[in-house]
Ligand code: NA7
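Read the single chain below, which is given as structure tokens and is the form predicted alone.
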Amino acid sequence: MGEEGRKLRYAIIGAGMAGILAAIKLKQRGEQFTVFEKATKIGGTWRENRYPGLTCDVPAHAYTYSFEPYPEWRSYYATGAEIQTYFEMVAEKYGIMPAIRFGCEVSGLVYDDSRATWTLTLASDEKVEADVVIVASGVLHHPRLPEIEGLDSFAGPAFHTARWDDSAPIEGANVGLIGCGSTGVQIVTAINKVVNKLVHFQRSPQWIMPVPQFDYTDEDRAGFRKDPALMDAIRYSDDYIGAIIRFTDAITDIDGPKMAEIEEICRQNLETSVRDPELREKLRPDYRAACKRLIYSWGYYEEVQHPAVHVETGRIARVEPQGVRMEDGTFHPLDTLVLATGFQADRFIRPATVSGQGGATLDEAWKVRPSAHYAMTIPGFPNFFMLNGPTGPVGNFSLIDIAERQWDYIDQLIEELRAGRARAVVPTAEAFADYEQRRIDAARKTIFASGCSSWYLDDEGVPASWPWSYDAFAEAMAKPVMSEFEFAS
């Protein structure tokens, strides 16, 4: 067997939520690690996105690390800027900043079978060796731009929401907004009262789940500081945990009572909130609720009825220098064009190239679809672990919680390396094939596959998600099935 008490070198790719988590956990163990971050500051998606109205749709006290509650949240749902501040505070408090190398994009990784080590190549061509790679690169960070004729011809500012242009005319301007996912809904809610006109282009409208939003008072925050149990009461409340259980049970039992409850809530929200019958029908989706990611909003239906907002559900023919031309000939003159068109959800660590055992590449492994054994490990790629990797849980719940559970699972595998009982760990091809077939079979029966287009679906129309209940995920993460892995000495 290997050397007892082996000292490992860890490379963490990404300094967003998951990378910070991994760094804290490794530092607490006294491990040797480096975080490679392509940007100049931490934060991941909360660094990249700065658009007006940016808000997390998980209650703030549930969107924190379990070991670091935060009494200073201003509202029940926190803004992106507040969340960025939280992560910066946590990184400083736990002393991981000195271990982060900023401006260091990882462009390639190669595994050496004989030495059981990874060589990372940075964009600067520097080479770095590591025994263990933790991929915390995130899911939604490569913007997806729409393929619309003439987009490059637009005379004014035209930009993706993850590349927000602070100099673009918004106040008093004619603004076009393409896309109606969470980002589009939040932007409409934020800017509708300051624009001259806002044209909200919707390829397909969304079901809206109504949620409460309210500010915390100074007295509330003082109470949270004095008694952290008050924050736990929110984090583990029936309102939040109950909604998670209802959601995960519903998506896996699409004709059951919990899905019927979700659909009725969304339907009644539309019927009772939108006064104009013509607008109401424009905003009515033609697919089942939760087929696309549910939109949580406390104000969209009210704000979209503002006189300055025009909902456009027709097909765009092309973008022209002064605006957008519809297929029916309608022309919308615009000063600014905002693209809330989502992200390439199949990229993960790519465009970095990854070469594993025998020179096999990640692109080859993911030729059909990105996937990983229980969303974390991949056959042929030893000592290579992903947090919030492909086929992990998606939905309206905290990815911090998902990452913490995944880390507990990964840490048990790494313990075999730390203890010297193995030099490398990798899932067996057989175990992965069994997991993936079971996952695909179950995913095809979820609400995500019920007849809409969404970023959840891969090229073959299979939802790229965990298709079982949240409780099943928690149970799977509690302890790896060691027989599903090869441990090389």
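Residue numbers here begin at 1 and follow the sequence given. For clarity, every value in this text was computed on a predicted model and none was experimentally measured.
The next section is about a form of this same protein that is not shown, the form predicted together with this ligand.
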| item | value |
| --- | --- |
| All of G181, S204 and T341 with a heavy atom within 4.5 Å of this ligand in the predicted complex | yes |
| Contact label in the predicted complex: K292 to this ligand, heavy atom within 4.5 Å | yes |
| Contact test in the predicted complex: Y65 vs this ligand, heavy atoms, 4.5 Å | no |
| Close approach of S453 to this ligand in the predicted complex, 4.5 Å, heavy atom | yes |
| 4.5 Å heavy atom contact, I148 to this ligand in the predicted complex | yes |
| Selected contact from A352, L270, L140, I402, since only one has a non-hydrogen atom within 4.5 angstroms of this ligand in the predicted complex | L140 |
| Contact assignment for this ligand in the predicted complex, among R318, H306, R144, K258, heavy atom within 4.5 Å | R144 |
| Interface stretch in the predicted complex with this ligand - options 326-334, 403-411, 171-179, 258-266, non-hydrogen atom within 4.5 Å | 171-179 |
| Residue pair N396, Y77 - Cα distance in the predicted complex, closer or farther (3 Å or more) | farther |
